[in-house]
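Next up: a single chain in structure tokens, the form predicted on its own.
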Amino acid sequence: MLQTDVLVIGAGAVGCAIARELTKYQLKVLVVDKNEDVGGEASKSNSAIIHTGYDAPPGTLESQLVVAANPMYELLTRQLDVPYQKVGAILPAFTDEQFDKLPALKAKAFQNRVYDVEYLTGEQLLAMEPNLNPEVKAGLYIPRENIIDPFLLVVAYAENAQQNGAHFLLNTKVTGIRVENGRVVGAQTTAGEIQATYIVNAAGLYCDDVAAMVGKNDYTVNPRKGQFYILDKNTTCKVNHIVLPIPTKVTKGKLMCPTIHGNMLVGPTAEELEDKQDYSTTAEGLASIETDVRRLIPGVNLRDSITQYCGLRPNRNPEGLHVDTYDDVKNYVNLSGVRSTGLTASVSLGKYVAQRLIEIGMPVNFNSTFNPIRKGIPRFHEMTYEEQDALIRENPLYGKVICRCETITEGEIVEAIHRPIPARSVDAIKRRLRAGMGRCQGGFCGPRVLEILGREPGVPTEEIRKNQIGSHMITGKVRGERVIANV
């Protein structure tokens, strides 16, 4: 039987940030997740924006946490070696109705203590974004809406947490929580029972299922589907900023923005679902993106799409971000309503949850050996020729390019497989390195990545999966040769 001081359920951005924060104390920290890798749900399929909180509901916990988190990212991303870029956002108005909403949006930003939002004229906006719809009347400029690599942020949280003593148990589903004398004492999982003094429910889309295990499911969580396009780096129409529509009560709307790696991101939809496993993209959803985004950027060229994908955001009913503790279920912290701003709020939620645990009795003994620095895998394609030459001399595997589209080397793939949180699936390699995320979408590098994934840990290639159980990439052999499955 495993034993831990704090059990964190969920290894998304929020769960991993909480784990990292808890390693600043002298505690045993264990994170469990049903997925094969960290960041396997909403954290891997969002818009990759670090928000300011300018449009959060004023006076709410979400507003407090998002506004506090935004300025923390400059230091955090340096410490964790995560790509982060300051781009800013614009919110253009094209109709009289939209124009009339600008004062209220700016006032709302000020209520949220985001004071650097500015009015800009249509001429100023067109100077910033020449591809903007020329009918723009005016708009708002939000300079601290920035972009990040969301995959690497989650991995970096997890790796740094593990370096500081936390442990991760993946491919492990929580099936029950034991409560004795009004206090949580452990959890049943598919990997056996875990004794725990404190339990944190950071299960995101499935937090209501976990809450039901302790009788605290006084809310429901339904998935809100968001479909996206990813455009080629060489698309004929680009933007330099995050271009946002005037938001509605339901959604921030369909946007266009650059990604940290030079592609253009277009979307998302906001579709209310019941099925928490529905990650399908649809012709109707993708068509709605084109219709709406063309109102912002008429020249957007969706024929330059290299892939489309879908994310599911947890939609709490009743809505609102909650971090709850209970008198009748002691030592249990329940997070719910972590919406599209959850990636941004992860760093401040880590601190907030740690403080809530202290308030309900968690010992405060600081870990004097905590090291906030995590060094990532060398990014070969970003190096100078001199730096590349030196790296190849040190490790010749860095001289073998596996993914031509993104210039990812065998040395990078091998290191990803042997990191503190190892990449053991095709998608895990994608998230850490982008091998397979380029123009050919893995058509060239896919077989080589499979070979390396099997070779390094000594696993038969037939056992390598795309991601979850059952998603094996190879099904069998024909005339002595392996065939790649359709997954």
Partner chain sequence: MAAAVSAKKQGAKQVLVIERDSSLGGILQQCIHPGFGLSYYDEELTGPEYAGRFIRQAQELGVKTLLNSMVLEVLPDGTVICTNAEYGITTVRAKSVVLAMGCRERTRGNIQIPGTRPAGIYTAGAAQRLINRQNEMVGRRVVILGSGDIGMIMARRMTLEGAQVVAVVEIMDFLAGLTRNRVQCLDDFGIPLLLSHTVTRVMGNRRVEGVCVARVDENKKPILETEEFYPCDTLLLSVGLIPENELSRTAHVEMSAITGGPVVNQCMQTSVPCLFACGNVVHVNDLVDNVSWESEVAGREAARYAMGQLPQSAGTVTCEPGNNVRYICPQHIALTEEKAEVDLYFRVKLPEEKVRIRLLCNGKELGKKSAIKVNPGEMEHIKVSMSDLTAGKLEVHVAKGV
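Positions refer to the first chain, counted from 1. Computed from a prediction, not measured in an experiment: that's the story for all the values here.
Heads up, the form predicted in complex with the partner chain isn't pictured, but that's what we're talking about next.
For the options Ser280, Asn371, Thr95, Thr190, the residue carrying a heavy atom within 4.5 angstroms of the partner chain in the predicted complex is Ser280. Interface residue among Phe99, Tyr219, Tyr309, Tyr141, judged by heavy atoms within 4.5 Å of the partner chain in the predicted complex: Tyr309.
For the three residues Arg303, Glu451 and Ser471, a heavy atom within 4.5 Å of the partner chain turns up in the predicted complex in every case. Heavy atoms within 4.5 Å of the partner chain in the predicted complex belong, among the stretches 78-86, 159-167, 351-359, 378-386, to residues of 378-386.
In the predicted complex, Thr121 stays away from the partner chain, with no heavy atom inside 4.5 Å.
In the predicted complex, no heavy atom of Gly59 sits within 4.5 Å of the partner chain. The partner chain is not shown here, but in the predicted complex it comes within 4.5 Å of a heavy atom of Gly443.
At least one heavy atom of Asn234 is located within 4.5 Å of the partner chain in the predicted complex. Contacts to the partner chain in the predicted complex (heavy atom within 4.5 Å) from stretch 399-418: Gly399, Lys400, Val401, Arg404, Thr407.
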